[in-house]
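A single chain, nothing else alongside it, follows as structure tokens in the form predicted alone.
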Amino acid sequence: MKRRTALKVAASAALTSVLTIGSAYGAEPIRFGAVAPKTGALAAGAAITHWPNIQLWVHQVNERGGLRMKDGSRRKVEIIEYDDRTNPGETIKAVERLATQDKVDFIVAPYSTGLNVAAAPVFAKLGYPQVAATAITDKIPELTQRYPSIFFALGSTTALASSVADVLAKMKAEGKIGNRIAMVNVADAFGIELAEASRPIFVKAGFEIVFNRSYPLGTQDLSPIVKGAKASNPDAFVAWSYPPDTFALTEQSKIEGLNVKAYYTAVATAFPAYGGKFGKSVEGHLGAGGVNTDTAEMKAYFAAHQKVTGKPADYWASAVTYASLQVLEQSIEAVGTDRKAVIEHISKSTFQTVMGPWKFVNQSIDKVWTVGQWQGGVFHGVASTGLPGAKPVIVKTGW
């Protein structure tokens, strides 16, 4: 699946002709490649977090005449897209094709932890900056040392797991929950790493893990998992989950009456569709991420996202994905299209983004949102690694 766009990104995934209008100076467009799921297990997540933000960014850049280069010219943006079908091998092949056959100037980082990690060697070999907006891993020091072209924007596994443990530990200390945790995870790079990292963290925080199960990515029937978790009589439920299973686990938990005062699911808990599907049932649900919805930048971003794409942004990685494109934009405007210079600029500069000021420390953003919670129909950030605007955590009170 391939799509090229300059003035506007069409909603269809079908092949379209190139539509490009040069700047007043006749400059050629800057060609960007993008590869992520349009089909497969992670397609629904990418359709919320990844693709709409590319559409929004391209629209806004081209609407104002294109990227402003150092010589004062404007260069519009052309996008070439591929569907990797949620398959790491397809991700790698598509990145190579974008670089060697399509000869794009830049490539947007893939969607998800596993696909970003799989593609990192190829990005590095081909010399393309990879600003990974949807990857969480404790391998950041190892990967950044090996690949100077990769940058992480969503934080580490340990930071995320530690924040969840801190939130639950505070609730336990206040007498709001007991110490019994039922924990499940998707058997993907994201879920496996988080499960392994969180076990000792939870134990150190004084919790007993009374149920611990994994399930394959794409599992359709999660009722046995939820029934097993309920039978363990937990005080808190924690799922290191991806979008399809986040929805399925919540639906089954409601059916089975898994009544805990701390209920946590990971990716997709921040999706507006999650709140839309489950309504008031999600009040008090904890999940990965969150944002500070009160900032002027975030309010403007949410409004623009809705206007341009016709759908709401999620309350976590949507804005991070858009911010990663702002990083590329500001770097290209500062140093041009020399990819080596862009990588160096990213590593040394401070960027103004919808998430606030960003500066990569050892190729990673160290101040990130880690835990959010549905409160009054909005998914607010309730824990972070140093960001302002967190809301107090509330107790979940049934379905």
Partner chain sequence: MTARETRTLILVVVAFALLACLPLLRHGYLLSLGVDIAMYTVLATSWALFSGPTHYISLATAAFYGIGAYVVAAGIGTLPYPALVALAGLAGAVAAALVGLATLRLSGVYFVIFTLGLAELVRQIVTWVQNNFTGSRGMYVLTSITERMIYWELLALAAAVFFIGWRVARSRLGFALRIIGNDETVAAHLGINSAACKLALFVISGAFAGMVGAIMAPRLSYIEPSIAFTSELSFQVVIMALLGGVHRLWGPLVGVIPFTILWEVIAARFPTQTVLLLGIAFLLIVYLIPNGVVGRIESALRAAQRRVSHA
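What you see is a predicted model; the values in this text were computed from it and never measured. Whichever C-alpha set is largest while still superposing within 1.5 Å between the two forms counts as the rigid core. Positions refer to the first chain, counted from 1.
Missing here is the form predicted in complex with its partner chain; even so, the following discussion is about that form.
Contact with its partner chain in the model of the complex, defined as any heavy atom within 4.5 Å, is confined among 258 to 266, 322 to 330, 135 to 143, 284 to 292 to 135 to 143. Contact with its partner chain in the model of the complex, defined as a heavy atom within 4.5 Å, is made by none of 75, 297 and 348. Among residues of the shown chain, residue 114 is one whose heavy atoms approach its partner chain to within 4.5 Å in the model of the complex. Among residues of the shown chain, residue 82 is one whose heavy atoms approach its partner chain to within 4.5 Å in the model of the complex. A residue is said to contact a partner when one of its heavy atoms sits within 4.5 Å of a partner heavy atom; residue 101 meets this definition for its partner chain in the model of the complex. Residue contact check for residue 59: none of its heavy atoms lie within 4.5 Å of its partner chain in the model of the complex.
Site annotation in the model of the complex: the residue of 279, 216, 310, 224 reaching within 4.5 Å of its partner chain with a heavy atom is 216. Among the residues 178, 228, 148, 88, the one placing a heavy atom within 4.5 Å of its partner chain in the model of the complex is 88. In the model of the complex, its partner chain lies within 4.5 angstroms of at least one heavy atom of each of the following residues of 185 to 211: 185, 187, 188, 189, 192, 193, 196, 197, in sequence order. Core-superposed comparison between this form and the one not shown: the C-alpha position of residue 329 differs by less than 2 Å. The Cα position of residue 186 differs by 2 Å or more between this form and the one not shown after fitting on the rigid core.
Once both forms are fitted on their rigid core, the CA atom of residue 242 lies 2 Å or more apart between this form and the one not shown.
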